[in-house]
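The structure tokens that follow cover one protein chain in two forms, given apart as structure 1 and structure 2.
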Structure 1
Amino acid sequence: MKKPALLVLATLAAVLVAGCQNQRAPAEQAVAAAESSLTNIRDAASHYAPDQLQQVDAQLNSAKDSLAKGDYKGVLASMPALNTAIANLRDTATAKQQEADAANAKAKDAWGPMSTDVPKMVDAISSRVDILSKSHHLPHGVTKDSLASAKSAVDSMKSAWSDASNAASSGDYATAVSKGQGVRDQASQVMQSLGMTSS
């Protein structure tokens, strides 16, 4: 190859390298900005949109791999899609968080009366179970088995109610009401089995 041709090739190579180097800083900044955006929403996203977060993480990791390999052009080309994915993830997580907050507020309203009502049911059952345990003959409709089940149920209801109360104390009213409703349902069944439902 003649010298002029070599000179042209060398010049082209230099231009290409210089061009790539010119894209390095923007590519690094773009990845850093995307990573920062994702960090800001990671907690909410991991809670409310974990699958979507996983996909965005994969896109970010791909961009970081390209950056490490010096493919700055590829990095910059992938940025619009990545930024859109992060924005969509933020929207999804925010919407789901708002839904959860609204549900929790509704549950908090339900917890108020439940928190005084259900313990009274359990207290009434507990009292009846204690008295029936001292009885020499069980009343009509109550068997040894149903009394034994009721005794066991009192313990499990007290335990479940403790869990519900703890959830409410921590602000998780949705869980509190869910568990509390379970205790209420169980208490209703036990009251029926002990003949406590009619006067």
Structure 2
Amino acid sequence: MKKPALLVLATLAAVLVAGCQNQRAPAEQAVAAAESSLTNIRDAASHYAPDQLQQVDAQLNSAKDSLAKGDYKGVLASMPALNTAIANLRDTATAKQQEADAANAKAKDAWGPMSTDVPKMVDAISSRVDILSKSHHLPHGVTKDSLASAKSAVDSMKSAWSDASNAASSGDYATAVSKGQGVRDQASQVMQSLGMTSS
């Protein structure tokens, strides 16, 4: 009588173990798939949606912990929410990247004329400063102080323009235009102080 009872218990135990093992493979596959999906968008997400990425990473790490503890049922139960979070993260990062690309394309269009106009303004100021520095009489409205200020401004504008050009060379036209606009504004002020007209 004892043998059949032990056999039943052993069979039940085997069924339970098999049940757990049956859930192990799907749980492992689900975590691996989620991790792979997240890896594919990690670079864009870290740049355009870092806070959201942090939250999704926390969810994934929680699922990995459950997997390590053998809680396969818990892993599978957490997957729908995790997969939705990854999909939402992908949508957010993609949308923000498209916005950034569009802004950069617009800035690229603006950079074209700016890359010609601003160096001309700086060169004109530099030439005017050289002429006035050699002159014994400054024109009406131009003081020694404004001339000295214009001299130092030429160096700072050339340096800032170099930064703008480097940004454009690396494809970051938004930064290039922002820095270039700063140089243009400064050049306009200096031209005014030297009695020059900006074309």
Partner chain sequence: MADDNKPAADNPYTQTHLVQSGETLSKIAEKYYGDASLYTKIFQANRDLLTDPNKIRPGQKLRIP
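Keep in mind that this is a model prediction, so the values were computed, not measured. Here the rigid core means the biggest group of C-alpha atoms that line up within 1.5 Å when the two forms are laid on top of each other. FYI, numbering is relative to structure 1, first residue = 1.
Between the two copies of this chain, it is structure 2 that is the form predicted alone. Once both forms are fitted on their rigid core, the CA atom of Ser133 lies 2 Å or more apart between structures 1 and 2.
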